[in-house]
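Below sits a lone chain in structure tokens, taken as the form predicted alone.
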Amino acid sequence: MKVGVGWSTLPSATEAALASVERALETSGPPALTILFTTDAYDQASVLDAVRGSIGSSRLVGFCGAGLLTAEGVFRQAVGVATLSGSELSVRTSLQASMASDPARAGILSAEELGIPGEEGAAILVLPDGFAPGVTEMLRSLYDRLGPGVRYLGGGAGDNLRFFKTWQFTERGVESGAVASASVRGAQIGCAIGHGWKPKGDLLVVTRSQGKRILELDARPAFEVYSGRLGGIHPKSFPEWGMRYPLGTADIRGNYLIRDPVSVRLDQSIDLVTEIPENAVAHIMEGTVDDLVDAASLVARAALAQVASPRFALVFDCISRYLYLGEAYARELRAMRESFGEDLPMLGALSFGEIGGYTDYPQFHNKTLAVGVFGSGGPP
């Protein structure tokens, strides 16, 4: 397998796309799979048309994110392309526009088009609309039909924090409110997730919730309880506190699924980025810069250790981690680069939610890092 990576910050959609894909193709040659990341400063259809015109019959999967991650840093306006070639690669793609309106059916139809139920060693890249409700439901339907043994990796599409519209695409075209996905066979792919957040204080029970909204914690108004646990905070400062102190629910192994609070309502309910079920047991979480940077290094090394001959690293890192870390985000990116090794090509996106699992089962995370390392050869 050969891999090429290219990116460009040129202001023209067509010129940025062409510069990116031409740079990638110099190393990979004609690809079997093209991964495309953009940001919302560009006309998405123009980007896709330019890339499609250069990659021949390659399958393509991609989305618009909040930023592009590269070996040279983070770019909030850029186009990035990774091209993977090799006769051993077999790729299928799916683009389901019904994600926002019927997430369960979008998962079912995606699975039918990807067509690899129960196949050990196959990997699925899943790129849903990060603003849409029901991503967890879509993943459940996808998993129910593809079964265990399949690796899942991905992230939610978004924009540059306008929270207005997202875009997802395959070689078929551009959609919004959709889920784009690809199945990859013939490559060894190591996947890992992690975040570095730790529980703070005693547990809480989500006694009333509706989708992405928590109405009550411990049978009292949600913000009253959250604020009290943190010593009292003003509703106007809630976004800052929510970024520093997310919520986490633990599985039976003690792994925490992070949920990102974003706003408080007049009735003292709290809005989250992603759904949380009623009766869930949760903790307020906290994490230092060192905690998050160390977690990034561990995740990168865990994915790398699963591959005998690594060729490419694909990264989905939450936009809220980037915002929380600020200037220190350069440390997180550097920690990943050092763990991968300077010679391993890398491409990633700042995502609105991350997809991966501590087990075979895929989940939708917040404030988390999801990494896939693509390689060839036998077990490491």
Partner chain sequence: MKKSVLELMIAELSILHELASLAFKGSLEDFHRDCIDLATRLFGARRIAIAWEDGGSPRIAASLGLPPGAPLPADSQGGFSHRFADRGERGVLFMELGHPVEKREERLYAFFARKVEDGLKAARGAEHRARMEREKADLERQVLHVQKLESLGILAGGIAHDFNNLLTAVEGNLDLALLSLGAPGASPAAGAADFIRQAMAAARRAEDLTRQMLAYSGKGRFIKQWVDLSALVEENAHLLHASLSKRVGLTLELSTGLPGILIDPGQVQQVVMNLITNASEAIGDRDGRVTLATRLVHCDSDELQGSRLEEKPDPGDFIALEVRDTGVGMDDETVRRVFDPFFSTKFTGRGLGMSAVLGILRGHQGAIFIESGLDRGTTVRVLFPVLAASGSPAEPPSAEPERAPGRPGATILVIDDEEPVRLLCRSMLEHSGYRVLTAADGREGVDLLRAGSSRVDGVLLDLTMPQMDGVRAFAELRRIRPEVKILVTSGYSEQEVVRQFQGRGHEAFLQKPFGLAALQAALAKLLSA
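Positions refer to the first chain, counted from 1. Quantities reported herein were computed from a predicted structural model and do not represent experimental measurements.
Unshown form predicted in complex with its partner chain; subsequent notes refer to it.
Exactly one listed residue, out of A308, L298, L230, M243, brings a non-hydrogen atom to within 4.5 Å of its partner chain in the predicted complex: L298. Between its partner chain and the residues F238, F131, Y256, F75, the one pair within 4.5 Å by heavy atoms in the predicted complex involves Y256. In the predicted complex, none of the heavy atoms of S209 sits within 4.5 Å of a heavy atom of its partner chain. The closest non-hydrogen atom of V281 lies within 4.5 Å of its partner chain in the predicted complex.
Contact check for T249: a non-hydrogen atom falls within 4.5 Å of its partner chain in the predicted complex. Among residues of the shown chain, Q363 is one whose heavy atoms approach its partner chain to within 4.5 Å in the predicted complex. Of the candidate stretches 106-114, 123-131, 272-280, 84-92, only 272-280 contains residues with a heavy atom within 4.5 Å of its partner chain in the predicted complex.
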